[in-house]
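Next up is one chain by itself, shown in structure tokens, the form predicted on its own.
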Amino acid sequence: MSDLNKELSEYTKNLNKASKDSNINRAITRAVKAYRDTVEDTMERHPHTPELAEEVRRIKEYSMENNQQLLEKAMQSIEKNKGKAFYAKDREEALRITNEIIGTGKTVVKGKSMLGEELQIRHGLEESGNEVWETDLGEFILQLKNDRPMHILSPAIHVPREQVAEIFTEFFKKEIPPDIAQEVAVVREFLREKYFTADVGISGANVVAADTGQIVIIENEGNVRLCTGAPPVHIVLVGIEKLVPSFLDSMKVAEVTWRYAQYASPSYVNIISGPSKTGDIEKVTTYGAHGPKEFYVIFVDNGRSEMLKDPTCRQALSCLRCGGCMYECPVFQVTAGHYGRTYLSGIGSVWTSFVDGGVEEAAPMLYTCLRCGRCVERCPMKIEVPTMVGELRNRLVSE
């Protein structure tokens, strides 16, 4: 327990330091206000959303009860679509499969993925001798900053425009002013060439339809569309909890996700079934047209099946990764993602207990949660975070 006390002490110091960080305070204050204003406006424009969320809760409950069957069906569907499907039990297997597909000395462009962070996929591929670029603007900032995401949806939420300008000025070797439009433009120019010279594109997924094998990815920047459509190889890394029975179900999940993630309508909804193909010459289907020639989907467990077996904590698998709960969390509002590891805040403490080190590793987070329930009020899935946190604290004490 002495190691745990030491970790708690270090963690507490880090939280206190973060709470006094003017950059974090400035950035989070702006973000929370923007989130609340936008979601309020979105719900007024689309008042059916809470009712649709209730239906999605039922879809997710069914999907958890039938996860193994849905996984088998999805893998079969992907193979029928001329893709290749794999199951990875843990991080080591996921990295091994990814490395076998990619090899070494390749250029890889990657879309935003919390599972990718969980697996530390960029770092693993770089250690294998590959050049990997994050293409999400927030992730790109953190790659240059050598930092980790501080929010599920907005990974660089803790970095205000003034600090972004400093980071970009140093990296691009020219003066970049603290003007958001100019900051976005310089990254667009830099990454444009990377998309079309990359050997491999990697993405996550918001939801997967088992009956058709279709991968659904929500985005606004357009980077995912480019890094999954331009390189000759596309690899999808997705947790087994993202499976739902049908394509119609996947669209309902996607709509609820983007509404609670602050978007009335996202700029892009990518639906990908397999490698690119054409039948324009004599109606003969030929694979590898303008888009990828090869399509791989790696379904990752990494503790999720254990969570599925847990009667109290399995509900955490219903999390849509909309990020709304974090904006309402009093601790997150003053510390950003310093309240967490890969996964953040109250729901993150539950995920950490299963996929990122176990309940002892999650102890600091579990005892940071105020169990106030504000996250539950915001959550479209009504996930009972305070209940799960209380149960995991009890387990930690008994262990």
Partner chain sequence: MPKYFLKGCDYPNMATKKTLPPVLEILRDNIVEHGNPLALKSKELSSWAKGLDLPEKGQILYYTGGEYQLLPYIDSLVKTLTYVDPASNIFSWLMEARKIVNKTGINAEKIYASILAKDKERYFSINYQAATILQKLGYDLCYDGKNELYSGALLYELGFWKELKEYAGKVAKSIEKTEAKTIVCLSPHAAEMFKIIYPKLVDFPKVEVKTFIEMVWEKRDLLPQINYNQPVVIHDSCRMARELGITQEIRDILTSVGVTYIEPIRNKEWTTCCGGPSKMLFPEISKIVAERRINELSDTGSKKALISCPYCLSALQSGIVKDNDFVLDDIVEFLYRGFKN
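Numbering follows the first chain given and starts at 1. Predicted model only: the values in this text are computed from it and were never measured.
Below, we turn to the form predicted in complex with its partner chain, even though it does not appear here.
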property: Listed residue (I347, V331, A31, V56) with a non-hydrogen atom within 4.5 angstroms of its partner chain in the predicted bound form; result: V331
property: Residue stretch of 287-295, 242-250, 323-331, 76-84 approaching its partner chain in the predicted bound form, non-hydrogen atom distance within 4.5 Å; result: 323-331
property: Full three-residue contact with its partner chain in the predicted bound form, heavy atom 4.5 Å, for Y11, K20 and R393; result: yes
property: R371 within 4.5 Å of its partner chain in the predicted bound form, heavy atoms; result: yes
property: Contact of L70 with its partner chain in the predicted bound form (heavy atom, 4.5 Å); result: no
property: A230 within 4.5 Å of its partner chain in the predicted bound form, heavy atoms; result: no
property: Its partner chain contact in the predicted bound form: T335, any heavy atom under 4.5 Å; result: yes
property: Sequence-ordered list of residues in 95-118 near its partner chain in the predicted bound form, where near means a heavy atom within 4.5 Å; result: E117
